[in-house]
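Next up is one chain by itself, shown in structure tokens, the form predicted on its own.
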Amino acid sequence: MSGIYIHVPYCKRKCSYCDFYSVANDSGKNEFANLIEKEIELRASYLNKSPVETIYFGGGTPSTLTTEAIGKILNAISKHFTVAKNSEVTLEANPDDLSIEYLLNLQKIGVNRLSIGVQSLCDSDLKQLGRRHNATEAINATNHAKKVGFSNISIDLIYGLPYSSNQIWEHNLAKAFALPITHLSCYHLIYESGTPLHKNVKSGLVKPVDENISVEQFKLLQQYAQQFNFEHYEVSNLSKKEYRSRHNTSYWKQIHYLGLGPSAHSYNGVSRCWNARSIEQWGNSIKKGLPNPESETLTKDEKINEYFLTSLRTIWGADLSYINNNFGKASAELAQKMTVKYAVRGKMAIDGNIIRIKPEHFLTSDGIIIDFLV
């Protein structure tokens, strides 16, 4: 199995915290679907005829594309790849793009999963983040998606916001779990270098939330998830049992994927490659018939580090037998020794050959995983 990711770089406006490659204009937007179609043709051999089980439109804001453009891309994928009958097709969307008509058309072209960028259900938070929708629009968009027939709906929330309070966060959680969602992506706010929010922090205009409040908000998230039978299956992702994001799970399980569009990454088990972080550069290379992504062949150390960085973020953890078979007995023994160190502290568990970070310690998982890296 394999996956395909399409990076749609267009936004109506840039959010103050976002570091993903995107542009707040329509430069090249009219020919975007044609260029993706051409890139699909040029790179059709990358997945080595592996069936495609997940397709993911990320961004940027993919819902700024017309459903005709999205449908054209999906048709091109079906033409050049074998797409599984039960494939998961996800579109990231901004709430105020999701009219009833747009939602119905998405269903007609084969989109069967929505990832709605809610971020908060509190208007003051949304204003602080520079979002273009309000809480009412987010609630309505989610309810409309369910009403027209979407059964697999995810929303994003951000916690650890400046000047945040547990009361506001709990309000967010109560509102979110009252919606007809099957999946929730929850991210702690990161002050990415170069973003307007980071600049405001550096200048003293914005004060980051106290670390203790972040911990308390993380615990509140887990309490609500347990109450509503959501499984915390990855550091930033929770879902009902049968609704894990199959596409994102493929990243964490080292399944191969092809990335299309400017700044998109690809991975085939041997090397990793990435497109130019520029619509113009990417587009020009496609027009010339020379998709020329930068690439690197992964060393043994890089491969094992990649394995730890992805697998230890999840509830299924890392497999010592896999490490032994692919990276050697010494690597497996070192991983086991490190796990025992954290297991004594109650932060990790060993179940047979499986080593994993306990979900209640996901918030500090980065600090744990670092100790496993070669």
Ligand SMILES: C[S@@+](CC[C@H](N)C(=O)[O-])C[C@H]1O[C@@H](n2cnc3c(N)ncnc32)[C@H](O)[C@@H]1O
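Each residue number is its position in the shown sequence, starting from 1. Everything quoted here is computed from the prediction, not taken from an experiment.
Below, we turn to the form predicted in complex with the named molecule, even though it does not appear here.
With respect to the named molecule in the predicted complex, the three residues E231, T249 and D319 uniformly fall beyond 4.5 angstroms at the level of their nearest heavy atom. Though the named molecule is absent from this view, in the predicted complex it lies within 4.5 Å of a heavy atom of just one residue from I73, A93, L103, L121, which is A93.
Think of it this way: in the predicted complex, the named molecule has a heavy atom of just one of D210, E280, E192, E302 within 4.5 Å, and the residue is E192.
In the predicted complex, no heavy atom of G261 sits within 4.5 Å of the named molecule.
Within this chain, I158 lines the site of the named molecule in the predicted complex, having a heavy atom no more than 4.5 Å away. Among residues of the shown chain, T61 is one whose heavy atoms approach the named molecule to within 4.5 Å in the predicted complex. Although the partner is absent here, L363 is not a contact residue: none of its heavy atoms lies within 4.5 angstroms of the named molecule in the predicted complex. With the named molecule left out of view, the stretch that reaches within 4.5 Å of it through heavy atoms in the predicted complex is, among 268-276, 113-121, 241-249, 215-223, 113-121.
In the predicted complex, the named molecule lies within 4.5 angstroms of a heavy atom of only one residue of 124-141, namely R131.
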